[in-house]
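Read the single chain below, which is given as structure tokens and is the form predicted on its own.
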Amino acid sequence: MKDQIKLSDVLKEGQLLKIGPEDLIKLPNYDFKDEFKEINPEWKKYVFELDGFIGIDLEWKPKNKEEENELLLKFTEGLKKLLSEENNWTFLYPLLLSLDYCTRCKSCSSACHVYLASGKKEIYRPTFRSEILRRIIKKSKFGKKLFGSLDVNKNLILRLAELAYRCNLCRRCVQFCPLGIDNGLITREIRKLYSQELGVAPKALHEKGTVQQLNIGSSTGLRSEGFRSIIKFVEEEIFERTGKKIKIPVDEKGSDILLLHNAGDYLSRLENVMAFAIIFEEASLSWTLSSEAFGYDAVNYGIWYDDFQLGKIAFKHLEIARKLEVNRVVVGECGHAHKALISVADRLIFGEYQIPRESCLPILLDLVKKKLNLDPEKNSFPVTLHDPCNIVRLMGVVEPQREILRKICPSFKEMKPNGVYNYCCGGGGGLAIMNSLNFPEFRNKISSRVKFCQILDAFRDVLNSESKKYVCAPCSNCRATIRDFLDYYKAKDKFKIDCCGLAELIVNSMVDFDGFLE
């Protein structure tokens, strides 16, 4: 199989690309042996023909000519809808601009962490999947074969779906494009075509994600009674750790703030939930959580793949806020929830649902400056900062988090590059929760590899010291991804590198709260 794959190769039979350890970029200051497992023969019922990895854990290959014709028809009809204002009024014009004005200069390639980590494999260029879509449209628009246009067959349709899940939608490529072409948006719109018209999406995003959230109230399966039990446990845990009795407000009508966390933190990382409760109570803010379905889970996986799911969940979130009569909704440390509820929801909501929505980060900075009694020496260990793509690059919230760290962490070390030029953790765009079959191999070994290189480089002067080191990641999905690849690379044991949220570091530096991170 060739490294320099042509666009027309996506029409052919067989596996297009196979990646081995020799293809991956080298890790700085760390001789780690990567090994790739052979694909399980039983998994060949899924679409493995792109690169051997399987992101879409559905059996959707056509089994006969009739099913193949049906697949082609659905794809063609879906493409028409994607390009019509009536069916895609939300994102049509930015999509068309990005499709029409790309000069194919490939300046974006060097910006893509997946392309770089893979050893610059052609199929991972940001423009590769975009150009496939562009050439399909060229053929369908003119109704005949033109130079550069692509026919559509089952191999192309199957591979293009998988290609759309080799991108983190981090939009770093946009930052480097001289024309601002948004290949991340194009990729997201490709995913939307498959979900809304063909019913094809990873189970973690759809069946176990938005569908479960709309049925139960949380993508995690957490129900209202379970949430209330967790809050009681959090109160007890805060008392046990700190000796402070804090009553966490729940369903307090007329509060200034409705705080929304990623529900994953309630189930797997309570420290972040505890930290916000301590900070908000210590600062005497008027705030509340909600125990009503949707009110305790900021997750909105529709942002990654489906406008219908995105809109339904955004309205549910804002309906909770409206009923509680809060002044504003504050989104906790969850990057995609920032994007869904604060930024993209503006394309969907109107009238009484236009409730002010804010990021927690500027609020935390204000509290650190004015309200909290802090001792930075309590955070004397080395700390570096991961910038969540959806908070920093998408929304421009760049300085609050690093200004906080400069105040509370005397050994703060910046990654390079950082800010809007940061690299994705590798879990963005839904990849953090796609854990079936062999997809974690792709995430840990390829899409997260550049971020791990950044972390190793940031700690290069203290890498082998006995000191505990923290990667501060103010995003729940980023933290999950980083912890996962730190485990894969054995960095916790070898280098004593761990990951935490920003609120946890703030509480750890507060004078009256000892040993919060221990």
Partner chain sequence: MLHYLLLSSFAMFFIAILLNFSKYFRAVHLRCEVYPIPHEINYKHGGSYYEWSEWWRRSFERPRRWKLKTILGILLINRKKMSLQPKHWFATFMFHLGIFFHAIWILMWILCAFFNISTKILKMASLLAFFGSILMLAFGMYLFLRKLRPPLRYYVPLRDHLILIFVLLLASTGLLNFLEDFHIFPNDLQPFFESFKTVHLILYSALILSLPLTKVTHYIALIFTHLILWDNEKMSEKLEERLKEKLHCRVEWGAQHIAKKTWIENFLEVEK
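Bear in mind the structure is a predicted one, so any value in this text is a computation, not a measurement. Numbering follows the first chain given and starts at 1.
One more form of this protein should be noted, the form predicted in complex with the partner chain, which is absent from this view; the next part is about it.
Not one of Glu377, Ser465 and Glu504 is positioned with any heavy atom within 4.5 Å of the partner chain in the predicted complex. Only one of Asn155, Ser224, Asn88, Asn438 lies close to the partner chain in the predicted complex, with a heavy atom inside 4.5 Å, and it is Asn88.
When the partner chain is considered in the predicted complex, only one residue from Leu160, Val398, Ala204, Ile216 comes within 4.5 Å through any heavy atom, namely Val398.
With the partner left out here, the partner chain still marks one of 242-250, 380-388, 355-363, 278-286 in the predicted complex; by a 4.5 Å heavy atom cut-off that stretch is 355-363. In the predicted complex, the partner chain lies within 4.5 Å of some heavy atom of Arg125. Of the heavy atoms in Phe412, none are within 4.5 Å of the partner chain in the predicted complex. Looking at Leu517, you'd find every heavy atom of it more than 4.5 angstroms from the partner chain in the predicted complex. Remark: Lys323 does not count among the residues lining the partner chain in the predicted complex, judged by a heavy atom distance of 4.5 Å or less. Residues Tyr93, Pro94, Leu96, Leu97, Leu99, Asp100, Tyr101, Cys102, Thr103, Arg104, Cys105, Lys106, Ser107 are the ones in 92-107 with at least one heavy atom within 4.5 Å of the partner chain in the predicted complex, listed in sequence order.
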